[in-house]
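Single chain ahead, written as structure tokens, the form predicted alone.
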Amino acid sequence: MLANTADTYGSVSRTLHWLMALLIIGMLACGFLMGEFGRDEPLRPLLYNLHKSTGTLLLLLIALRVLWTLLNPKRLPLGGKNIASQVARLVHLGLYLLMIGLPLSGYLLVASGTSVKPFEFFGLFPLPKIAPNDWLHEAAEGVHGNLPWLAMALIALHIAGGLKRHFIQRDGTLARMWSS
């Protein structure tokens, strides 16, 4: 079943959720690892290209995910008006904003830099550059360098909330996200 129902998430929602979760965790790990490498590290260019290409892929996937959510809204109970439900909504909103903000700031960081060589998406085709802009480049660098810390905090809250719902509330949320 592709679409969400009143009882479960559809295969499209589940696939996008878990694929993006794996890619985002991989991107965070790769990003922190890249920060540890010096300029002479032989793996550095490979990791940077993989990081940039995967970030671009994630930006495309979040666009698909938002479109899917708009066309196929969740028909599952959203929880009550209690503080935990409100925190869960804020965490989800924050995660969506981060899934857009992190790859977009990464793209602006690369696109506004002084490098004349365009970045190529997995070596297949170049992405457009914009005119070098020091202000934009520095702003994107600051955003892209700090958002991963917020992402890790929100991911931890998201996982904790899912585990609480599964083990304490026993409401079947994790089961609905894992299989049909």
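Since this is a predicted model, take the numbers as computed values, not measurements. Residue indices: 1-based, along the sequence shown. So that the term is clear: the rigid core is the largest set of C-alpha atoms that superpose within 1.5 Å between two forms.
The following text describes the form predicted in complex with protoporphyrin IX containing FE, which does not appear among the structures shown.
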Query raised in the report: Should A3 be classed as touching protoporphyrin IX containing FE in the predicted bound form when contacts are defined as heavy atoms within 4.5 Å?
Result: no
Requested in this report: Indicate whether protoporphyrin IX containing FE has at least one heavy atom within 4.5 Å of a heavy atom of R170 in the predicted bound form.
Outcome: no
Query raised in the report: Would L150 sit within 4.5 Å of protoporphyrin IX containing FE in the predicted bound form, counting heavy atoms only?
Result: no
Report task. Examine H51 and determine whether its closest non-hydrogen atom to protoporphyrin IX containing FE in the predicted bound form is within 4.5 angstroms. Result -> yes
Query raised in the report: Which of the residues spanning 26 to 45 lie within 4.5 Å of protoporphyrin IX containing FE in the predicted bound form, based on heavy atoms?
Result: M27, L28, G31, F32, M34
Report task. Tell me, please, whether between this form and the one not shown the C-alpha of T8 is shifted by 2 Å or more, with the rigid core used for superposition. Result -> yes
